[in-house]
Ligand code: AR6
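The chain below stands alone and is given in structure tokens; this is the form predicted alone.
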């Protein structure tokens, strides 16, 4: 699938392996422990190596002893990956949509973009947060993600480019058809 540019070229929808993105930051759909897990989280920790887990341990000790709250975001090194940083954010578990999931998911995207802007990063790459084992319906997540990024970019020059990196062309198509 060819890349699709949206929002005057500031949002690029693509497919591939987020761990290979050479951007200022990639976003990790982390769990609150920050100690790695399955899916994107596991792939980022495996690809990035020990430096990421060491920084995550320090963040847990100093700032978030009870774990990173849902909707919050923190930055670490990207370790062995081509990106400069990893921004870890904890998405909501889907409970049917009536438990504040949309607000929490929107916060994941907004807080990650705020961290990137604070670091003066030109670009950032997101996976589809919460749509894996956390069960957030892909179409509903697409609407929240797109709105959060669009709102942020309207009032911020940085990051200049946001990538939505989908692992499969089918998932990218769901996103594009939903926001279409």
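Numbering follows the first chain given and starts at 1. These figures come from a predicted structure and were not determined experimentally.
Unshown form predicted in complex with the named molecule; subsequent notes refer to it.
Novice: Specify the contacting stretch among 60 to 68, 117 to 125, 151 to 159, 36 to 44, defined as having any heavy atom within 4.5 Å of the named molecule in the predicted complex.
Specialist: The contacting stretch here is 36 to 44.
Novice: Quick one: is residue 29 in contact with the named molecule in the predicted complex, heavy atoms, 4.5 Å cut-off?
Specialist: Residue-level check for residue 29: yes, a contact with the named molecule.
Novice: How about residue 11 - does it come within 4.5 Å of the named molecule in the predicted complex, if we only consider non-hydrogen atoms?
Specialist: No, residue 11 sits far enough from the named molecule in the predicted complex that none of its heavy atoms falls within 4.5 Å.
Novice: Wondering, does residue 165 line up within 4.5 Å of the named molecule in the predicted complex on heavy atoms?
Specialist: Contact check for residue 165: yes, within 4.5 Å of the named molecule in the predicted complex.
Novice: For residue 132, is any heavy atom within 4.5 Å of the named molecule in the predicted complex, or not?
Specialist: Contact check for residue 132: yes, within 4.5 Å of the named molecule in the predicted complex.
Novice: Across 1 to 25, which residues bring a heavy atom to within 4.5 Å of the named molecule in the predicted complex?
Specialist: Residues within 4.5 Å: 16, 17, 18.
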